[in-house]
Ligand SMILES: Cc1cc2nc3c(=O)[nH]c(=O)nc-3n(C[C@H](O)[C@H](O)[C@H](O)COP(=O)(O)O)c2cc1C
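Just one chain is shown here, as structure tokens, and it is the form predicted alone.
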Amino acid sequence: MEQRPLPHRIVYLSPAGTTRLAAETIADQLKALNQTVELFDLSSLIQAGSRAAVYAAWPATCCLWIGSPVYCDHALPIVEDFIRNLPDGCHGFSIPFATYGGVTSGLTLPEMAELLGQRNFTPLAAAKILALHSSTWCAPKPLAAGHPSADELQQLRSLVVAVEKKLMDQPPAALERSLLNYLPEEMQQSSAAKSLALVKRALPPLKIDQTLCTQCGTCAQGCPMGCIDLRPYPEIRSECIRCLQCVRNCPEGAFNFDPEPLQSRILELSVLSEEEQISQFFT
């Protein structure tokens, strides 16, 4: 009996757009290989309240590509939550991918691979993709500017081809998890101690200058977590991931936020990082 190809599902969250670029590159290459592909932007699912419907229609078996930008050395909590809540009884294969901004990819890939394995989605490959650090958008020299490059995106396409070749084998060869332990032990320990929740508690809240705000709603419309309410001025709920897209996109500059201290700290950390600042693809 002829083997039927597995459907592919690509799930991602992309506040600044680079994880979306990676996801769309993967989708384009899969389509070029005549594969069945569905692409899901978690931000759109949040806005539409449709995540439950996606789970309800989840295929019994598929190949799941799931991507997150690196935040505080880990995947975004909502991406991890999506993995944890994959429907019971579903299974298949997986490829975690992460975009990181030239400091460290932290524990993102090994943690995502572990979660996927626990949900019976065997990791076949993984990718960490160097990308412009979104919090340095207005720095004189934005970190990792120009990434991902055309060559890096071509390497990502090659990874897709390699995964398709793996899927033709019976059974497909799982990714050797030790390949994802590429950070020095000291860096792994440092990453393990960090979290988005801790960073949010340490940072001052984002506040709006009502004398500048025109209540245009640009911040709410562009919030990837859908957590800004206009009452009538913007109020930010606890789901905020501090992506700063509201600050970046406000046409009036109405948020009381000085990006210079944060950008300086990020640039300092990039100099101290022992991780080689490159994209890597693991099969």
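It should be emphasised that the depicted structure is a prediction, and the values quoted were computed from it without experimental measurement. In this text, residue numbers run from 1 along the sequence as written.
Keep in mind the form predicted together with the ligand is missing from the figure; the text below concerns it.
This chain is displayed alone, yet in the predicted complex one of 103, 183, 127, 113 has a heavy atom within 4.5 Å of the ligand; that residue is 103.
Heavy atoms of no residue among 94, 174 and 282 are located within 4.5 Å of the ligand in the predicted complex. The ligand is not drawn, but in the predicted complex it has no heavy atom within 4.5 Å of residue 23. Among heavy atoms of residue 16, some come within 4.5 Å of the ligand in the predicted complex. For the chain shown alone, residue 121 is not a contact residue for the ligand in the predicted complex, no non-hydrogen atom being within 4.5 angstroms. At a distance threshold of 4.5 angstroms between non-hydrogen atoms, residue 51 is out of contact with the ligand in the predicted complex. Comment: 68 to 76 is the region of 68 to 76, 161 to 169, 113 to 121, 84 to 92 lying near the ligand in the predicted complex, near meaning a non-hydrogen atom within 4.5 Å. Taking the ligand as it sits in the predicted complex, the stretch 244 to 283 never comes within 4.5 angstroms of it through any non-hydrogen atom.
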